[in-house]
Structure formats: structure tokens, C-alpha cells
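Okay, here we've got a single chain as C-alpha cells, the form predicted on its own, with questions on binding and movement later.
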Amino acid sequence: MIAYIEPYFLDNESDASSVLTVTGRSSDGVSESLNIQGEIICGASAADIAGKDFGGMNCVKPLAVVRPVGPEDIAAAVRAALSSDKLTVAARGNGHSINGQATAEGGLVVDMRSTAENHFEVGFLTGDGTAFVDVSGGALWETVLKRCVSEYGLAPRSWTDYLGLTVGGTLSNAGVSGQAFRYGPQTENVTELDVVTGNGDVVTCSEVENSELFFSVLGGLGQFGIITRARVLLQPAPDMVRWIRIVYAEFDEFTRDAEWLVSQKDDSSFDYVEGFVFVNGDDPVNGWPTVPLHPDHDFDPTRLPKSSGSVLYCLELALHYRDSDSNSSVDKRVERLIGRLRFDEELRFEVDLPYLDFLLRVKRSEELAKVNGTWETPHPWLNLFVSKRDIGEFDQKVFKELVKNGVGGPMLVYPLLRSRWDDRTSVVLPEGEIFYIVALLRFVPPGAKASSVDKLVAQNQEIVQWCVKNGIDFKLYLPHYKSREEWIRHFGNRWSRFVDRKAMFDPMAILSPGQKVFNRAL
């Protein structure tokens, strides 16, 4: 019998609390009351809030949504689940997962955004004096950025392209963008966490204190704990950014230049290096018009080599500078760095813009997508890490064949350095020092039939299966598999460590059921 949940909202504003009463006879006959200071939402409203994610391809019904006041409320939700025979708990940040990872069918979804304002304090590490900010796991990176820059002239060192994501959400995966070649992913730029484990404990952890939990949670897909506070490293924020895009017809030239740039010492490269693939045609969504950075820029296809194929490649670069830097000094720095790269000068686009505007550049794409309706449609995205060894073969099969007509959104590809990632975290990577992130960020037109979305999902599966069949050294980023065998293949020789960590910090498999890594223990 499904447990019955009844919410009560008390009128005493000075000590408001919600009581979630789990009654009715479940398989083990447990009856438990959950007393929290926050809010509990049940029924259809819970499904409206947390039944779907950004991917829009899965729809489940949670038992309730819990909007906690702080860590103790979250711990109480976990302990209530432990006292039942079926309940699970999923932490939901901004719901930007693709395959239902932040959902909990018949379980409790903890809406972390209700804790967004719980922490914000800037300090300095003892020893080297490095600046940091303590922020809530439910805070949006966009908010953290704006406050750090406007109030302190400081900024986190590593980002994601889209900043409408929660701190705890990205740290539970990795957090990757064009700065990761230098500073590593966001998981490499935190020194301390507060975590609610699957045992219902509230624990502070770091590299030296409860270190096994610290490294387990970072990149741990929410399997070991819910991040309620993170200590994020900061650096002085620049004032301005020189943003540059240059075009390549040949993949090997594109990768050679990209790999050279990310392999240079910190003062000998750009501050941001990314890249993407685009269609060799005038398609406004997938082709030439996606490359220029300003309305006055013109993409002249006559400048392309006659040997150009169905797709082209763009290297995207950024250099930070201060208002006090002269234009000539910025120009000299750019030319010194870009002078060794092989591209056509006539297919070079650049603009100068404030640092905040650069980091929030995807916000404008979000606003446009909301206007044209594609923000609310399904998003069958595919994100992978592919080894340098196999990226050329991947280009031939995937970029030049399977998606040569585009995906209705960005097709990112750029190199990262393995040495910037700590092997003690739960993230798994391809072999070799250099590997590539590949992101096929599909946007489905409004009104598209379900069958068309299914075809895109099937194509993603085709790509993954092609990688497996042909021995491509790859790992899914933001992974989601449906079978134990696939998860074992994903983690490889790290699988036993992942299982041991689960047994230590969430032995009943309460947390993050939407990832479908483990089944709830009875």
C-alpha cells in the first residue's frame, strides 16, 4: 500500500514548522512523522515542481517536495526515508538535469533553492591567504558571481558556460568550461563542504577532515551526500574580456592549435579556451550565422578553402584585462598568443566586453530560447569525454557523418588536461593527459512530435553504442545509464571504490534514485 502523506502548516510565525506524517501500512508497517522548519508540498503541486527536469523527457510523481530551511531539515528528510521501506530522497537544484537525475518517483525531492541565501561569507585561507567564499549548495553560480564581483572585486576561478545552476549541482558532477584547462573543473576549486549523508548525518569535510566523504561527494552524482555549503576559491576579477572566434576547415589543425593553447603555462595562453563545430552553410541555427560575435560582423564563406567539408570548426578564446590596460598592450598580448595559430585572418571575429557580460553570455541565449519556446521543449543532450587518441575517429563518424546537418544547438568540442583533475574524486575520465569534452546540445522546435524526439534520443544511443563497439576511449559526462552492466563499464576499475563509498555513506541507497546507479535497499 502506498504511504499516505498529510502536510500541516502551523500558524506560529516565530516557530513555523511543517509536519510530514507518513501513515498507512507500507510493506514494513513503518509510521513516521517528519518535523521540519521548512515547507512540504504534496500531490499535484509536487509533481508540477519536481516531476520533470530540463531534459523534459521523463515525467515522474514524487511523494512530496521538501523546501528545507537548512541542513537539519534535509537530514530529517533522509532519516524519515531510512525509517520507511521504500522512500528515497533526491536533491534538486535548478532542475537542469537531462535524464531525470534530480527526480524521485514516489520519494521526497529536496528543493535546494530554498536554502540559497543561507551562506555567503568571504574569507582568506590561513597560510597562503587565498580568498574564498562560503556559499549555500542551493545558491546559483550566477548569484555567487554577481555578489563576489560587485561587493569584493573577486570571482570564482572555474565556471560552467551556463550559470543558472546550483553550486551543489555542478560540484556533484564536475563543472566544466573554458577555464578548466587552467584551474581544473569546479570540483578542483573547493576546499571544504558541509554534507548531509545518506545516513542522515550532517558532516563537515575537506581534504584533511573526513576526506573520504569530501572526495566521494565531488563528482559523486549525488550518491553519497547532499551538499549544503561549499567553500569556493576566489581570485581577483578582471574588468574586461577580449572575446575571439577563429575558424578552421580542418579538424586536425583545429585540434593542434587548441591542444597547444591549453598546454601552455598560465601566462602564455588565453584565460579561456573552448571550441565548437558548425555546419558549412547558411542555416541560422546550425551554420555560419552562429559564429560572428557582433551584428556588424559578416561571415564571408568565400574565404573558406575549396576543400572545406560539410562541417567547420571554431576556436573560441578570451583574454582578461583591466580597465587600466591600454588597447595597444591588450592587442600585443593577443597577437603574441594568436600568431602561432593557423586560421584565416578574414574569418576572425572579436569584441571587447565587461567580464560579467562575458560570463553571463549564455543568459542571453536562455532569454531568446524562452521567447521562441525552445527552452520548454525536450532537450535530448549528449555530453561525453573522449580521449585525444580517439577524437579524430570520433570527428569522422559523428561530426562529419551522424550530425553533419547540426543538432539545432551548439556542438561543443575542446581539450582538457587530466592533470588538472584529482583522481580521488568520484569523476572518471578517459586515459591520457589530453582529452576532449563533446557536448551535443540539442534544442527541439516547439510543436515537434514525440517521435522526432525519440529519433534524437536514438541517435544519442547510436553514438554511445558506436563508441563502445569500436573501442573508443570515452566516458559520459553527466552520465545516465539504465543497467548495472553499463555503470560498471563506465566506472571501470573505479567501480569497486564507488560501491564501497556507497556502502559507507548511503548504505540503504536512499539518495539520488534518478541516477539509477543503485536500487533502494529494503
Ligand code: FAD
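Note that residue numbering begins at 1 and tracks the sequence as displayed. Keep in mind that this is a model prediction, so the values were computed, not measured.
The discussion below concerns the form predicted together with ligand FAD, not included here.
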| property | result |
| --- | --- |
| Candidate spot 201, 211 and 498, all three touching ligand FAD in the predicted bound form (heavy atom, 4.5 Å) | no |
| Answer range among 255 to 263, 315 to 323, 374 to 382, 297 to 305 for contact with ligand FAD, defined in the predicted bound form as heavy atoms within 4.5 Å | 374 to 382 |
| Non-hydrogen atom contact residue 96 with ligand FAD in the predicted bound form at 4.5 angstroms | yes |
| Heavy atom of residue 478 within 4.5 Å of ligand FAD in the predicted bound form | yes |
| Touches ligand FAD in the predicted bound form: residue 84 (any heavy atom, 4.5 Å) | no |
| Exercise: residue 158 in contact with ligand FAD in the predicted bound form, heavy atom 4.5 Å | no |
| Sole residue of 216, 101, 88, 197 within 4.5 Å of ligand FAD in the predicted bound form, by heavy atom | 101 |
| One residue of 112, 411, 398, 78 in contact with ligand FAD, assessed in the predicted bound form (non-hydrogen atom, 4.5 angstroms) | 112 |
| Residues in 154 to 178 with any heavy atom within 4.5 Å of ligand FAD in the predicted bound form | 160, 161, 162, 165, 166, 168, 169, 170, 172, 173, 175, 176 |
